[in-house]
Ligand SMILES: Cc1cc2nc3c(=O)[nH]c(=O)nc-3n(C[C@H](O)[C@H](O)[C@H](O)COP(=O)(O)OP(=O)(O)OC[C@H]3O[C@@H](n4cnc5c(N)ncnc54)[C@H](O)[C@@H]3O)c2cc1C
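Just the one chain here, laid out as structure tokens, in the form predicted on its own.
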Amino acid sequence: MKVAIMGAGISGLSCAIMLERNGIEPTIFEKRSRVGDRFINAESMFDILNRPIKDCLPYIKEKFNIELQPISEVDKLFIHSKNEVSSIDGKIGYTNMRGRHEESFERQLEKQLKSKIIFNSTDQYETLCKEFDYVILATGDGEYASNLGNYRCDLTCTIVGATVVGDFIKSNPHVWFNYDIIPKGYGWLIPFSEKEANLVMAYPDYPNNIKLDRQSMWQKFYDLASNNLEQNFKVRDSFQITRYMMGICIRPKIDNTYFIGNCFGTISPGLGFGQFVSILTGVYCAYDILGMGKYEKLVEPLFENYNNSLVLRRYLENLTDEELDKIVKDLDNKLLDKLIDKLCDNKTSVDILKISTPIMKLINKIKED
């Protein structure tokens, strides 16, 4: 059996690991010169977005024997709005590295793999279809799925970020919702050491946002974050991604072609996370090829999670800065604080996103009518 995997990111490598452990050695085609050959950035994995699973990284280890070491376990997430700041406390998730960093998730997965990776590959899907029994598209975005007429794009977004130097607590990321500065978007700071962090803003490419000056938005957000953390950050590296598609494939599998990772649509439109789901698509694809399950059936909950997250995205976009202030302030309300912390903790399996989706749908309908 000949299996081709296009892309050596976390979904493609997770799929390859599972295939290899069950006697199938895939050939991996990667257009870059090495695994993780992209800018270094820190990312987060929050358990509340992946319910009913309680604790993502131990789940991956226990269920699939794939071990990933994070930068830190998050014990406090600071949430900033225009005029308020609150926190969610407890064991609520993890931060990790991506890209060229030696301890990035991609590099950690590569070390668990023996299969051949062809770097600087120019091989195209059309060619691989003729040469392999199965082709797995793990290309990191929805372009291939879109070109095959198998992708629903719900929005595109612009992402601007930098590595900043300062003084940080690794277990304390920050997120900002301030529509005066980032209309209908958000910003975050994720430390990856005591001295370095990623400072990033992301916003949807709606007409009113396209009119705005990107550099001016970035400078305002940089100043806001610096003031909130009472530091004058030094920018070391920077990056920009424009018109990045956020959507989901229509069919997870067409004939003997599988769509996994961001080619499937694993990035949550609500808050931009997707690493855990990306790994799941890789594993579930391998299960299908190995005869251990049906890919279409296994990913059904992932479709539901994506659509619930899209409702969250629309809900957040419909809020005003004043409404965001109230929500953030209530996070530290004496009556709600402990309950919110408990619901976000990795000891509970309560699916808050699923439960709250009908309410958010109703509010969205009222606001949009």
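Since we're looking at a predicted model, the values are computed, not measured. Sequential numbering from 1, following the sequence displayed.
Although not depicted, the form predicted together with this ligand is the subject of the following passage.
Trainee: Test of understanding: in the predicted complex, would residue 139 fall inside 4.5 Å of this ligand by heavy atoms?
Mentor: Yes, residue 139 is a contact residue.
Trainee: Applying a 4.5 Å heavy atom distance criterion, does residue 98 contact this ligand in the predicted complex?
Mentor: The answer is yes: residue 98 has a heavy atom within 4.5 Å of this ligand.
Trainee: Since only the chain is shown here, I'm wondering whether residue 257 would be in contact with this ligand in the predicted complex (any heavy atom pair within 4.5 Å).
Mentor: Looking in the predicted complex, residue contacts with this ligand do not include residue 257, since no heavy atom lies within 4.5 Å.
Trainee: Taking this ligand as it sits in the predicted complex, is residue 38 in contact with it (heavy atom to heavy atom, 4.5 Å or less)?
Mentor: Yes, residue 38 is a contact residue.
Trainee: Could you check which residue among 165, 224, 217, 159 gets a heavy atom within 4.5 Å of this ligand in the predicted complex?
Mentor: Of the candidates 165, 224, 217, 159, 159 is the one lying within 4.5 Å of this ligand in the predicted complex.
Trainee: Which one of these stretches, 79-87, 238-246, 224-232, 175-183, sits within 4.5 Å of this ligand in the predicted complex when only heavy atoms are counted?
Mentor: Result of the contact check: 238-246.
Trainee: Between 1-36 and this ligand in the predicted complex, list the residues on our side with a heavy atom within 4.5 Å.
Mentor: Residues within 4.5 Å: 6, 7, 8, 9, 10, 11, 12, 29, 30, 31, 32.
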